[in-house]
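Here we start with a single chain on its own, the form predicted alone, put down as structure tokens.
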């Protein structure tokens, strides 16, 4: 990239990034949208003092005018300015001076960092080809420019290995799509119209807190709330009825529900005949799945399953609300494929407030021109390998030809990826050149050769889609980037320039990229208004009259597509290999769950900050009193949780939230928070789901003993 191009691009971005603010000096407010990988995507308002480079954010609060969050932020984001102004922020490029993992770095200039990055990447490509370079990112910032844009274009242009980002979310969509031909479902705001709401494998009060008032409104109007979860969560505590199956057995319970619905002729015959395919095959398959048989698998009494099926089939509108909790099993896609059959049998799609409700991010995706944003045409016909992020340890240690350079942003894989000790071994390779663009020296950044300083979300403008509601938001930069931090898009522009690349699309300014990505959106209006509601049927019933985008145009209760990929045509329960009935169950008799349990940090973000992680008390293992007593463990004892992957030392909590046979370690704490430097995901299973590319975190077996 020539200096003239760099200068022009920088000038364009400077004009675009200048925050809209009160023209007078002094205090003013700037509106934005939370970027976190959370369904709520709340609106916020930042109070700023001063002007230009001297602007300082002094307060952040929820925006009371936001049509979904209505002025409330979660405890972690209420303290977001602690993150922005933390003394531990990375504000200059860093170069590693000690062994990988030591966290020993020296500050260097951007010129020095880019010279090393450009020369090292070019050397790898010249000797081994573009596939030897791999990106690694996820939704640590789920805004459009932060996740894709220039980064995707760069990796396509050099022919890098492609990353399948399926660690969380896409398996839900893949499962539902095998039944409905699409992952598009209902708008969760319409739950206020329901008379029966089943929250299945989702802890709404903790992880989707702004939906809770909608549910409470429905209950005030007579709705009944059922929560189905292997853990007695804070949401389950508020339910009218809590059902607690053993982890990973929900599909067996769904099959038994369908058995009852068909046996007792509780079908909506008119809707089923008009809009489904394969009822006879399904009926034959579930005939053997009596509630008694399902009870043996899931540990829920047969009469509870009978009652649940009848209540679901005879209440209108009836809604099933789920998110990603159920996908983290070897048969996670089948969980959602089976779940999507239930509203078809009962005709629940007829009613506003009825049907299947999951992420609405797919409705937002309808507005995004993915090809214009990421430019896959830059591959120029080259076929490059695609690797699944969930198997990062295997990729770094066993993949041939090897990955020799990796660039990480928006993610902390050493904490979030399963089988994390294999990931650590891979990151420790001397011949792996690693660049991490980050705000802090995370566990992953400690293994980097170069760490580049990243902006926080109040330091960069972007468009933030949501996956929990239908409002796409504009985030306005409130302050100038601190120190030498740059946004993700600017970081990749600089790397492209350091590599001597000249492809014009790698240097487009942010507004140009956004206009290409959102051709149907008036960006100026979005910026002025702050948010817009994406298109959704005004009736609130997207599939009331059928029209499903399957080959048959119907809900496919029996699926040719599944058969073609070697999967059962009809919903089927297959116990996981690493499960209570698997070959390792005698050695490792406890099934490990690694849920979100905390309110002050999200995934691996915030846990290292003084007012966040420590306030949650640190990591622990929860055990039922029966399991604890059998191992001679009491509250507060130091325990060793182990399997063939790793051993993790944590204190014991005795709980009534779990059933016997289940253990739980909430995840997200960094290695420094654990006595032995291991994390929850050191233990977890990296087996992929049967289709959809997800990963079976929750099919993990362990034993626990006194440390």
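Residue numbers count along the first chain shown, from 1. Here the structure is a predicted model, which is why all the values come from computation and not from measurement.
Below, we refer to the form predicted together with a small molecule, which is not included among the displayed structures.
Would you mind picking the one in 343, 247, 175, 473 that has a heavy atom within 4.5 Å of the small molecule in the model of the complex?
It is 247 that has a heavy atom within 4.5 Å of the partner.
Considering the small molecule in the model of the complex, which of 407, 395, 323, 623 comes within 4.5 Å of it through any heavy atom?
Partner contact (heavy atom, 4.5 Å) among the options: 323.
Is there any non-hydrogen atom of residue 596 lying within 4.5 Å of the small molecule in the model of the complex?
So residue 596 counts as contacting the small molecule.
Report yes if any heavy atom of residue 83 sits within 4.5 Å of a heavy atom of the small molecule in the model of the complex; otherwise report no.
Yes, contact at 4.5 Å.
I'd like to know if residue 424 sits close to the small molecule in the model of the complex, meaning any non-hydrogen atom pair within 4.5 angstroms.
Flag for residue 424 set to no.
Are any of the heavy atoms in residue 38 no more than 4.5 Å from a heavy atom of the small molecule in the model of the complex?
Looking in the model of the complex, residue contacts with the small molecule include residue 38, since a heavy atom lies within 4.5 Å.
Residues 92, 151 and 388 are flagged as a possible site; in the model of the complex, is every one of them within 4.5 Å of the small molecule by some non-hydrogen atom?
Result no, not one residue of the spot touches the small molecule.
Of these, 229-237, 260-268, 116-124, 572-580, which stretch puts a heavy atom within 4.5 angstroms of the small molecule in the model of the complex?
Only one stretch passes the 4.5 Å heavy-atom test: 229-237.
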